[in-house]
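In structure tokens, one chain follows: the form predicted on its own.
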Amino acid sequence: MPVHLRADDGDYAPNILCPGDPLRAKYIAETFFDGGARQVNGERGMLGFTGTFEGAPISVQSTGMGCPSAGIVFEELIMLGAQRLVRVGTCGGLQERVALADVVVGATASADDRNPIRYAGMEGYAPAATFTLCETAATLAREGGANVHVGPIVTSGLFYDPDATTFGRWKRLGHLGVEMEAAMMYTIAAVKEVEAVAIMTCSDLLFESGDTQRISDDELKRGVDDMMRLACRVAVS
């Protein structure tokens, strides 16, 4: 029985969106789900809701920030019947072609955080998304007019990294962006044999100098809303 998600079998749909922020989970349920979504978890403030999107069953569950917190949630969602996990959130863009408010789909997630490697028990393990979900996300995003990038991302355990060389190193290896949970999700999904993909809005541009450029609040809201609507469609596809 899960310890942190106080829900019963059947409370969650098989297809689950996974934002970090509990209030974003609430916003998704209220804004993008069909009417009548119900709260299925509130333990430790980690809000979760189940409803439908265009008539198809769907849930949303917040994960918190970083691999340790998110890993607990992914494990317990699978205990409760999850078959498809879709991370929704933001990332920092590393490549020049990635612009603010662009959609980034993580085909793979390099684990700069040690938790996914510890879980996998294999130093050279490269966690990957489910290919068909990447393909669906890219197709639906382009059909909706979004500028979308599909490729490798980095999962970091540090938001405030004291090493000014990390952005340049990740960029040199072709990573599109950096976030904090996808590698944990992909690793657990592989071991548990469920589907997973991370779909993100680029909220910051990260430069080799260590400088950053932040998107405006209005632009971020528009970009995130478009991305979350896309993620709902991918989740129930």
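Since we're looking at a predicted model, the values are computed, not measured. Residues carry their position along the shown sequence, with the first being 1.
There is another form of this protein, the form predicted in complex with a small molecule, and it is not shown here; the text below is about that form.
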*Counting only non-hydrogen atoms, choose the one of 88 to 96, 115 to 123, 144 to 152, 69 to 77 that falls within 4.5 Å of the small molecule in the model of the complex.*
88 to 96
*Looking at 206, 196, 29, 188, which has any heavy atom no more than 4.5 Å from the small molecule in the model of the complex?*
206
*Check whether residue 176 has any heavy atom within 4.5 Å of a heavy atom of the small molecule in the model of the complex, and answer yes or no.*
no
